[in-house]
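This document opens with one chain alone, in structure tokens, the form predicted alone.
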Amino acid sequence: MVTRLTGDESVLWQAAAHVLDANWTGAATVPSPGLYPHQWSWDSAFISIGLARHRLNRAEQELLTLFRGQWANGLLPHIVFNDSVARRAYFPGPDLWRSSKHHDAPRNVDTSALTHPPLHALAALRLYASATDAERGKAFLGRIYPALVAQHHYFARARDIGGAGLVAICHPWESGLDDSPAWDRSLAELQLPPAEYAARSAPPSLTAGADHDRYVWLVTTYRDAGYRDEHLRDVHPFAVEDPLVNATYLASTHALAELAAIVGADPVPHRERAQRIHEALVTRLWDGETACFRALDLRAGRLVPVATVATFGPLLDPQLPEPAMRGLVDLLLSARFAGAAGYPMPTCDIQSAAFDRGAFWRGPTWVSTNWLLWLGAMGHGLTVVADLLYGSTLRLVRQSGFREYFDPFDGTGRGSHDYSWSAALVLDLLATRRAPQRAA
């Protein structure tokens, strides 16, 4: 039975805080009870942003615990496994990745070998802004800043496969939008050997059948090549420059420059890199004919045809050109997206043949992507868009609770219950309107 969160915003605040408290393990926050028992990278970035409004000490611990899994080469894995959970309790678990066999991987914790959108420097900056004790906030930044720099150096060194300054993802899981229809054509063109790679009983949140076989095959191909950067650059069959991934990369690079100034480091290299990312984003991923940003398949040398919520990620770019911003706003408010959805934002163009209102990342609304677009709209003073996203997100959780994702037409909750990033980002949204007393 769905709990309706009626009452004033204080009720919503307390309900969100309760979810985060219940999902806290003592060192980090699981995305939800049961289905996701480990720590996920960009989940933790979102969660820390909300925790900063509720329990700042836990927000700091959330990020520090995540970075325990960082590899010596700077890679921040998209999963850091909890060793108290049975190894076969979640697929793909440690036995698929075999991170302990790689010389760069940490010795005291198992991890994946893929990464996630690099939102973490932006999260760290928001934690610092939430600190009431400036010295304490600066001390936290002093601990995490070197790890953030290493993370960004990894992206610049190992993932600039296109050579223009953008990050290339080597697997759909790295996008954060795992089953997005943006990957359909690239996945369909993969030539798998005649073997079944996916688990026979994949979790319900993951695509079943042929596509999931392709997901697992991409991992085993990368693993068997020793997780080498050269393999990704020269051989790996999946390499895509995604607008949302690169928009978060850009936003965090700007944040890294601000963090550098706070901790007494040189912000100039970060500012120069941010400028390069911005220029590549608007020249490589902007499709002038359709007035939107699209993912670029580097292996096929073409832009991805379907428009998804990632199209709007570059709203996070503070230098976004006016024509591009107008094009994105017009598309966002059109009948292809928010204009036809009772609970925006759908994650796929509603008029696309690939749209599915109930399928994972193929149509439903997510609090995380709503929050990212809200943040971008706020940065550009787009109050109509920001208010739409703010209001619709709160309506979703009031109606259906803190679910993993939601039907964009009627707001029905889907996926996991008590989902941590939904609760955390609602706290951050509410904190823009009120400043309740933070718990000790």
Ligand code: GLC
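For every residue, the number given is its place in the sequence shown, counted from 1. These numbers come from a predicted model, not from an experiment.
Keep in mind that the form predicted together with this ligand is missing from the display, and what follows is about it.
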Of G176, P346, P314, P118, which residue is found within 4.5 angstroms of this ligand in the predicted bound form when only non-hydrogen atoms are counted?
-> G176
Among G69, P31, G413, G376, which has any heavy atom within 4.5 Å of this ligand in the predicted bound form?
-> P31
Quick one: which of 34-42, 60-68, 390-398, 377-385 gets within 4.5 Å of this ligand in the predicted bound form, going by heavy atoms?
-> 34-42
Does any heavy atom of W97 come within 4.5 Å of a heavy atom of this ligand in the predicted bound form?
-> no
F238, heavy atom within 4.5 angstroms of this ligand in the predicted bound form | no
Do W183 and this ligand come within 4.5 Å of each other in the predicted bound form, heavy atoms counted?
-> no
Please check if Y145 has a heavy atom lying within 4.5 Å of any heavy atom of this ligand in the predicted bound form.
-> no
Residues in 351-365 that come within 4.5 Å of this ligand in the predicted bound form by at least one heavy atom, in order, are F360, W361
